[in-house]
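One chain is shown next in structure tokens, namely the form predicted alone.
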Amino acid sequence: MKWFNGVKQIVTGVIIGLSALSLVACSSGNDEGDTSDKTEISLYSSGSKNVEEFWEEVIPMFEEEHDHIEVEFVFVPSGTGGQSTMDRILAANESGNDSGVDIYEGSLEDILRGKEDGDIFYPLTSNNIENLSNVQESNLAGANDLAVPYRASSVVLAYNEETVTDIPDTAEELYQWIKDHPGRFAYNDPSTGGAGSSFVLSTVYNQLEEGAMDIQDESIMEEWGKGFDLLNELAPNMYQEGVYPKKNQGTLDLLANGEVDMIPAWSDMALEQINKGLLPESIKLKQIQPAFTGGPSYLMLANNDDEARKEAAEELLNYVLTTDVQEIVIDQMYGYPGIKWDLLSEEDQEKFADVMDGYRIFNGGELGGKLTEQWQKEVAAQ
């Protein structure tokens, strides 16, 4: 019987060992590295470095509070093919496939294009995005309930107060200042950045009737002549008699180095560089009237068939509209908040006192690109 007891002990040991291994296996399936029970979604975004840094901070915060969701972040820097993401979504929709894109950060033009090409984004209301009720109503205009405007910025006038004493208040005063101070004003090539694009667009549309920026019919192009005449009249008075720097940063560098005294600049870029000491303290910002253009950055949800992914994406959009995340928009991106100003602290509101005079939103869709093309032919080529 001794041999039987020995065998019994061996078998018992094996069973215990296998049970232990089974418990370890079960336990390892629940550690932090396991994603089998998580819903995975993707966020595609583009823009400047500050946009990338924003998402790199916010996504881990969201995942920590929503441990059932994992977010894949795909960032495409400005000027390196951001439109290809839209093309990818549209192509997948046309072929009946899943693009793999759950959340897309884009423009008002993307929203319009998505609606025209097959409703690739689906409606968002306070029913599925509860915090949407916190959003500034003016930012919701034009979005057709297809996007969440989570932050905004505008082009403003940036000037050196040590060299500029007669600060323009209006567009007409700005045009006269440029003529009176040849070589001291610059705007970037509009095809390389939104600050220069806004100057060109605003100059042309300032010569048209109120409401023209909402027109998408190409017939309005016939009325652009007066604005282009003015741009050509101003051209010899620009930096180096008509040199247009590349990108928004190009003109900011000229302003920082004292090569010019005044430029159009994005509010968030200028505020960030002033606060970080990259622009001199003497650089000040203001909005003129009629205002330059600006507007929100939008988050849209792809209309795929996976309800779990849709719900997870909705949770992220709702999270972005919380005050905690909106304070990051203000404090680190130097952007205008997506939510109503009165939901934020007085301290945060004071940071934008100089640039809160509003902005105009260009709703002309593809006309913006056509305007830039015409500028290349009629102004840059001269």
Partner chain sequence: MRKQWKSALLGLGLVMPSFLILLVLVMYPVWSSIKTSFTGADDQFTFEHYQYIFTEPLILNNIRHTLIVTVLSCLLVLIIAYSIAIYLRFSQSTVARWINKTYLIPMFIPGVIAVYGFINFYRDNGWVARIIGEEYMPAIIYNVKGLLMINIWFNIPFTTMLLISALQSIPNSIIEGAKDAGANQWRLFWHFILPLSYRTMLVALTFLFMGIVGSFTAPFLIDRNAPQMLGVSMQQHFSVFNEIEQSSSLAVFMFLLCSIVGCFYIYSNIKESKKELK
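Numbering follows the first chain given and starts at 1. Just so we're clear, the structure is a prediction, and the values are computed from it rather than from any experiment.
Heads up, the form predicted together with the partner chain isn't pictured, but that's what we're talking about next.
- Within 4.5 Å of any heavy atom of the partner chain in the model of the complex lies no heavy atom of residue 95.
- Under a 4.5 angstroms non-hydrogen atom cutoff, the partner chain in the model of the complex has residue 241 among its neighbouring residues.
- Proximity of residue 259 to the partner chain in the model of the complex: non-hydrogen atoms within 4.5 Å are present.
- Residue contact check for residue 272: none of its heavy atoms lie within 4.5 Å of the partner chain in the model of the complex.
- Stretch 241-249 is the contacting one of 145-153, 293-301, 279-287, 241-249, since its residues have non-hydrogen atoms within 4.5 Å of the partner chain in the model of the complex.
- Contact with the partner chain in the model of the complex, judged by any heavy atom within 4.5 Å, is made by just one of 99, 191, 131, 136: 191.
- Interface residues of 364-382, taken as those with a heavy atom within 4.5 Å of the partner chain in the model of the complex (partner not displayed): 369, 372, 373, 375, 376, 377, 380, 381, in sequence order.
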